[in-house]
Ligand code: ADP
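A single chain comes next, written as structure tokens; it is the form predicted alone.
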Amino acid sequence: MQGLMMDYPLTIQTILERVNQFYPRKEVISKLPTGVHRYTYGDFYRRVHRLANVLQDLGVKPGDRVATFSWNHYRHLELYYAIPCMGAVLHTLNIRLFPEQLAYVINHAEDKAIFVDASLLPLVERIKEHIGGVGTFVIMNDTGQPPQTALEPLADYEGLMAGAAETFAFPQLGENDAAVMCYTSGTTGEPKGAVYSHRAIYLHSMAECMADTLALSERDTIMPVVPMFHANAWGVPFAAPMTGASQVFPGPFMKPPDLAGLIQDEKVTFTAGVPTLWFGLYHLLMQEDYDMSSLRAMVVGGAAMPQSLIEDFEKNLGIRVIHAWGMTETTPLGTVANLKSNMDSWSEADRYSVRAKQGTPVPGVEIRAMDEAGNIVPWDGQTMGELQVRGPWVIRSYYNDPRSPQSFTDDGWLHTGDVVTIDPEGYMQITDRTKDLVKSGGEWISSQALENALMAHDKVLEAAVIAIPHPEWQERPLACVVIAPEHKDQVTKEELLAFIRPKFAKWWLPDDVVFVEELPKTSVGKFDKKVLRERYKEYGL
């Protein structure tokens, strides 16, 4: 017997209609090179209709891929809605990919058009000869002056918008239709495409609004610092309009003073980004006076934030940090580290220990950890295994990619490549990526645990630990450390090793510490350990 429920498709169109119907006066604020741009969701709604007409006039048809090459701002938000709502597929291009990777994903996706910020034109011009399938380049420009470029055919965003009608008859879409696609950062080979359905994005947005996940609400003013070209800015540009929350976009202005100024001036209540951004913000706020009192929560994902910094933000600045985990393949939210009510009576140290984990799976996502023999590991908080996930917003295959089967188990779970423990309360903690673990004398050493311990030192800005070859032990850990500028030349490797020695077995301790000016980063702001491994592959031999 089937349930007698209405067939109501879960699509991005319903989010668009809802925000216009109930929250047309709420604001969308963007920091641009020409100044701060403001308009309302009502203005946004009308421009999305104009943009849909623009896309149709450019020959975009349902199912076509349309790419964006852009920072976080209001025009990018318009593209987030107009493209999927007219039945096409939004393809967000990562502006930090290597040129050959960028050309690969454009060609692999068969993008029909690319909407590009004028400031980013040189990056596209470098690969012009390799992306002949692109029919149109649309320039998003704030100066009003046409840029000098060799790209063609060329069109101007605002010029096209000015001539477009303000109403568009959106087609009826199926909730399983493709809406958005995003490629992985390609750290272990060519990037792989994840295609998200309307249903996945809608359900993911609802999950982000739940009180025990991110608790997004109409009362929030949300600033997604995580780029819109990376995993849908963690879904915030869809979840915020669903609730009617105002949005603040930093554009290309990602330095700590820019972010602190926007939080202060726009009274941001909620923000989200990777740890490397928050490291810099913390050091700024400890030296300069900004009003952060509006900020109720700062979500960190993409990599682990050391427990010491979580504590420092809260105790020294009154800012609550929420640890979360996700992947491009999971749309991306998978877990969130909020405390359960039974933990209220726990000691402060125990509560912070839980909050430093990546958390419990949000409703709709299931997790398990498997050992090398294919057995589910116990939830004891000690036994490590590879994290596997499944759920309604987890992809079941990669787009047009023969590598898909090896990424999924026979019973339908996604291999994440993260090595984790899961404690008896169900809190997952990433101990490493499978490729980043150090195998010394047949035993595993967690590079992440060592990094977090090193970054607890008040003079350390960043730390990355890698495996280097060893003639006797197979591999040994090497620590690469960036000292905070105000403490340059004031720290020795003996001091750092002595600082972390009480926390680890002797054989876990790095064989050496090298001081560097900066650590290489991936396209999404994580430490690029493959670069470090190549740099130090003969270190100590």
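Each residue number is its position in the shown sequence, starting from 1. What you are looking at is a predicted structure, and each value in this text was computed from that prediction instead of being measured.
If you look for the form predicted together with ligand ADP, you will not find it shown, but the lines that follow are about it.
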| task | Report the residue, out of Asn141, Thr221, Gln358, Gln101, that has at least one non-hydrogen atom within 4.5 angstroms of ligand ADP in the model of the complex. | result | Gln358
| Contact residue in the model of the complex, chosen from Ala449, Ala303, Ile114, Met384 - any heavy atom within 4.5 Å of ligand ADP | Ala303
| field | Residue contact check: Trp325 to ligand ADP in the model of the complex, 4.5 Å heavy atom | value | yes
| Would Glu175 count as a contact of ligand ADP in the model of the complex, using a 4.5 angstroms cut-off between non-hydrogen atoms? | no
| request: Using the partner position in the model of the complex, report whether Ile395 sits within 4.5 Å of ligand ADP, counting heavy atoms only. | output: no
| query | Is there any non-hydrogen atom of Ser185 lying within 4.5 Å of ligand ADP in the model of the complex? | reply | yes
| query | Out of the stretches listed (416-424, 402-410, 369-377, 82-90), which one is close to ligand ADP in the model of the complex, meaning heavy atoms within 4.5 Å? | reply | 416-424
| request: Pull the contact list for 226-241: residues with a heavy atom within 4.5 Å of ligand ADP in the model of the complex, in sequence order. | output: His230
